[in-house]
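Consider the single chain below, provided in structure tokens and representing the form predicted on its own.
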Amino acid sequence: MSNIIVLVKQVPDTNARIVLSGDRVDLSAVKKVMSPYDEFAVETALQHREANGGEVTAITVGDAGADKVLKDAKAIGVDHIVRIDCDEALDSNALQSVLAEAVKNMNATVVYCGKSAADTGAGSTGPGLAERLGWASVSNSTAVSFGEQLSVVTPAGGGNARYAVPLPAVVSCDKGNLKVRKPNVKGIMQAKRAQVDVQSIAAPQSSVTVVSHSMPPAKPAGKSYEGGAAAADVAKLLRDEANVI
């Protein structure tokens, strides 16, 4: 029976207005949600369970505020929810080390995660975790078929490539044609009553820290042209400044 792990992360709502307070992003009033690509990982994990049996455990790393993202995963249908207690910012090495230890402790068969987190966009968690575990790894998965090994589709060279991936493995998920299921009333009620399994795992010291945040530079004012007489000027700007022709 498969022991399926799905990694989820709580991030600021991608529609939220981001403001700076001093040299740091102020997230005090920002709504937190599950990182969008993690939703595709949860859906893939649930499909794996439905195809092969087993149980799905959702894991996150964070403080008590991160319980919400686990409850969201529970409402969708995962079996167990685990939070690795941590109230400090971890760099990629520290985070992946903690996750690797958690996965080893749970005797997992496969780990699914989003291809990247909406807040950092690094895309390093899946490959980095696989490296620490010594497992097979594939990123940007858009479709998975399940059996004694996985058959994984990823974008490649303007088309798609299909890989045979032996288990155990770590798969980073992209959207593809996946339709993420929505929680029903029963799932929402079960999630409210669900107990988060809080665990402690010592993290190595982070060597990379955020020095400051800054907003991107303002976009220059646009230019407007009318009439056929301006066509030559527009073509010159598209060629010389926009580099599109």
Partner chain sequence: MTETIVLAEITKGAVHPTTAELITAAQKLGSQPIVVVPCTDASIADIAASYAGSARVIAAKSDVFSNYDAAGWAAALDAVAPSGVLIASASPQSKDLAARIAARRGISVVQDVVKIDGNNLTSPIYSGKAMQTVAIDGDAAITVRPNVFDAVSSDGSADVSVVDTTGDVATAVMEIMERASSRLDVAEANIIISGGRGMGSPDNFVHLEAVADTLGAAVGASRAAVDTWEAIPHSMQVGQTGKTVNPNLYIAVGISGAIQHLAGMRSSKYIVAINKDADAPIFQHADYGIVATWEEALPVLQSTLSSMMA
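So that the term is clear: the rigid core is the largest set of C-alpha atoms that superpose within 1.5 Å between two forms. On a predicted model such as this, the values are computed, not experimentally measured, just so you know. Positions refer to the first chain, counted from 1.
Keep in mind the form predicted in complex with its partner chain is missing from the figure; the text below concerns it.
Contact with its partner chain in the predicted complex, defined as a heavy atom within 4.5 Å, holds for exactly one of V144, V165, A108, V82, namely V165. The single contact residue among A136, A102, I76, C86, judged by any heavy atom lying within 4.5 Å of its partner chain in the predicted complex, is A136. In the predicted complex, at least one heavy atom of K115 sits within 4.5 Å of a heavy atom of its partner chain. Its partner chain in the predicted complex comes within 4.5 Å of no heavy atom belonging to K186. When contacts are judged by a 4.5 Å heavy atom cut-off, D72 does not count as touching its partner chain in the predicted complex. Proximity of K192 to its partner chain in the predicted complex: non-hydrogen atoms within 4.5 Å are absent; the residue sits far from the partner. Contacts between 81-117 and its partner chain, taken as any heavy atom within 4.5 Å in the predicted complex, involve D91, S92, N93, Q96, K115. The Cα position of V19 differs by less than 2 Å between this form and the one not shown after fitting on the rigid core.
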